[in-house]
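Let's start with one chain on its own, the form predicted alone, as structure tokens.
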């Protein structure tokens, strides 16, 4: 069961997102969008005269960025991912291995906090997209891959001795089979020229096209209702059968506008008669079978495709005023709105763990979603507040009538504490071990060293020999050394020994 989130909406954390992600309850986030460093081998700094002034980071990676405990954790929790990173090191180099390790240990936590019906969009460019696709397959499962969305971020780019690099990628994965998907929210309306081309005919009701009322015969046998003639049309003789819509959007449109109760008409020929009586069937002077009139008024637009041409990224022509903060890697609000509308509902929780100048947070607020942002740079909170005042048009004079009059983000620089670690039974030792690991902040309960999970062992707080039960409330994790020192004795004895040996301070 998904848990309630232990972080209130409109919270922005400043600090290492790994520590913060580890403090968020499991399965409480509906949608994650992340725009992390791309392994671009560049350094970024915002101009001094911009809203993001003072913000800077290095997108340069080495083996020094791979903490040993991260590697151990990846090897223990996802062996396939561990081998993939080693393969990237051999194929590409140490920089890519360092970058993928940094990303993987954080994506492990993002997978944990995402609800079973949630989705994640990872924004990157062609520097590492192919390696990140493998990482996401290993973490979320290749069967949960949904799309690689290609975004045209610029009109043109002058890259010497190669084709201009103007595309970004968004790797779209589901957490499970029942992800949210709001197709209607991201359809693109047809313009007048497209409608005229798609609906070339005209009657008193408007533009329409004649659409098939039939389908391929396949293995249908003569005698079923779909094979029988109607008004002289023997379509079975022409290798067709009747396929008269009863469900779907156009059937709903017919019932709403022309034939009340249309979807309750069971018989195929009865539906044909009803459509014909309502003037919704086109009988061709030339042609072999009739067609259903589909009106332009019912057109819902073009479904969203995995090529985003709009909105474009910021250029020298679009950086003046508006939403641009001066941050070179900033993404447009309209881009984030498409993602949020497609994969979440109002009231859902959106998480951006690399929120930078807070575009996802602003878009989520505009669309009535809850949100949490995380960024390593302390400037992120100030940029968010400045943008919110401007782009949400929040009044500065405390106007109580304004819908966002009480809008104020909660800015925190310490990780949250999980409250979903209620351990009830030792029936699943491995699951209990992982929960204990999280509740102990990844540390040995004795020496308090942060250690990989696989080097810790389960210990009974009150030993079995003294009546200690196997219940989860009597279990804790220790390293092998502390466990050997404690033996069947008390925790007080262990701490005394650790103080005496200088491992714990008094």
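Numbering follows the first chain given and starts at 1. Quantities reported herein were computed from a predicted structural model and do not represent experimental measurements.
One more form of this protein should be noted, the form predicted in complex with a small molecule, which is absent from this view; the next part is about it.
*Asks:* Please check if residue 250 has a heavy atom lying within 4.5 Å of any heavy atom of the small molecule in the model of the complex.
*Replies:* Result no; residue 250 lies far from the small molecule in the model of the complex.
*Asks:* Quick one: does residue 37 come within 4.5 Å of the small molecule in the model of the complex, counting heavy atoms only?
*Replies:* Looking in the model of the complex, residue contacts with the small molecule include residue 37, since a heavy atom lies within 4.5 Å.
*Asks:* Tell me, yes or no, whether residue 492 is in contact with the small molecule in the model of the complex, where a contact means a heavy atom of each within 4.5 Å.
*Replies:* So residue 492 does not count as contacting the small molecule.
*Asks:* Going by a heavy atom distance of 4.5 Å, is residue 356 a contact of the small molecule in the model of the complex?
*Replies:* Yes.
*Asks:* Report the stretch among 330-338, 275-283, 294-302, 108-116 that approaches the small molecule in the model of the complex to within 4.5 Å, counting heavy atoms only.
*Replies:* Stretch 330-338 is the one.
*Asks:* Heavy atom within 4.5 Å of the small molecule in the model of the complex: which of 73, 365, 375, 348 fits that? Just give me the one.
*Replies:* Exactly one residue meets the criterion: 375.
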